[in-house]
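What follows is one chain in structure tokens, specifically the form predicted alone.
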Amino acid sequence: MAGIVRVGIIGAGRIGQVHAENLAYRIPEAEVVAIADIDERAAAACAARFGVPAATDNPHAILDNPAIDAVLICSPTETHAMLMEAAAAANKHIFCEKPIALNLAAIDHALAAVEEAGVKLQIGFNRRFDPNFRHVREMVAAGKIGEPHILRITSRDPAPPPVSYIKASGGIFLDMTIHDFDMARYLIGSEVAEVFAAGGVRVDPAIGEAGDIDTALVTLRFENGAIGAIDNCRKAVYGYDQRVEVFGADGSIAVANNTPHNAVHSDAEGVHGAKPLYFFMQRYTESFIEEMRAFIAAIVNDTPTPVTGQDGRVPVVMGLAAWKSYKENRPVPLSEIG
């Protein structure tokens, strides 16, 4: 399409504000014209902060607005599929944060609506756009380490979220590990055939009382024969721990943590460096910009989006398989889930 892409944002929480800021100040091909949130004060505050002309507590004010070309769905998970279907019916291009839904029936219904409408859809797996991880993918795809044998992903948060969030999140595998499931497929370039999950409550008993776990190890068996391991924990006292290694027949490639600086201080007490960046808002600043730039470019140039609805569906299948594996203490083929 020619001209500026006019965008409406549904959800003025933390991630909605990130996208609003990036669209307002860093992506000149787009203009945010409205923002909606069930808390109208939050919508108004976000609109005022980033120069958005309209704020409302009604998402249909965005969906029904013929001047809006694309919708960003940044609201709570339980609203994603419903709003995706409504946006498709309104002929809006869609960016939706992960996960699309916590069950496959809702996901499939929403994806069918998108396909029928013929609009573009991108799912918010922002880590694909991180320059470090993207370089790993490019090296693997170019054969620089030969045939991949082993993938290792470490992903640990600096502190757990509130228990109220845990209760509605779908649990660690559908909330936290889901990013790593997407990374696994992306980095290796192969689908996962089977998962085996172990875990426990090592951080906060209240998380267990809410029906979740806070520490997990998931092994993956890929269709191409590679194997992988993902380790997660809701609390790493030293900061946001985000590391990856792919080992192959001809070498390996690894990504260490990003830090505020790379200065190393050596003295009689030891050798000291900076802790990792504290959380995802700092660690993935650039990737949030790049994923939104890619979405807008797909609309402007009428090209496919780089993270599709199927890319949004498969990590949910993996998450459901991981929960089944954890509960039944056995490897679970993804074919059992769907």
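Residue numbers run from 1 along the displayed sequence. Note that the structure is predicted; figures quoted are calculated from it, not measured.
What follows is about the form predicted in complex with a further copy of the same chain, which we do not show.
In the predicted bound form, a further copy of the same chain lies within 4.5 Å of some heavy atom of Arg330. In the predicted bound form, a further copy of the same chain sits beyond 4.5 Å of every heavy atom of Ser75. Using a 4.5 angstroms threshold between heavy atoms, Pro205 stays clear of a further copy of the same chain in the predicted bound form. Although the partner is absent from this view, His272 contacts a further copy of the same chain in the predicted bound form, with a non-hydrogen atom inside 4.5 angstroms.
Just one of Thr79, Ser252, Ser190, Ser169 comes within 4.5 Å of a further copy of the same chain in the predicted bound form, counting any heavy atom, and that one is Ser252.
Think of it this way: in the predicted bound form, a further copy of the same chain has a heavy atom of just one of Ile107, Ile178, Cys96, Ile153 within 4.5 Å, and the residue is Ile153. With respect to a further copy of the same chain in the predicted bound form, the three residues Pro148, Ala216 and Lys235 uniformly fall within 4.5 angstroms at the level of their nearest heavy atom. You can rule out all but one of 160-168, 237-245, 85-93, 121-129: in the predicted bound form, only 237-245 has residues with a heavy atom within 4.5 Å of a further copy of the same chain. For the stretch 187-206, the set of residues having any non-hydrogen atom within 4.5 angstroms of a further copy of the same chain in the predicted bound form comprises Glu194, Phe196, Ala197, Ala198, Gly199, Arg202, in sequence order.
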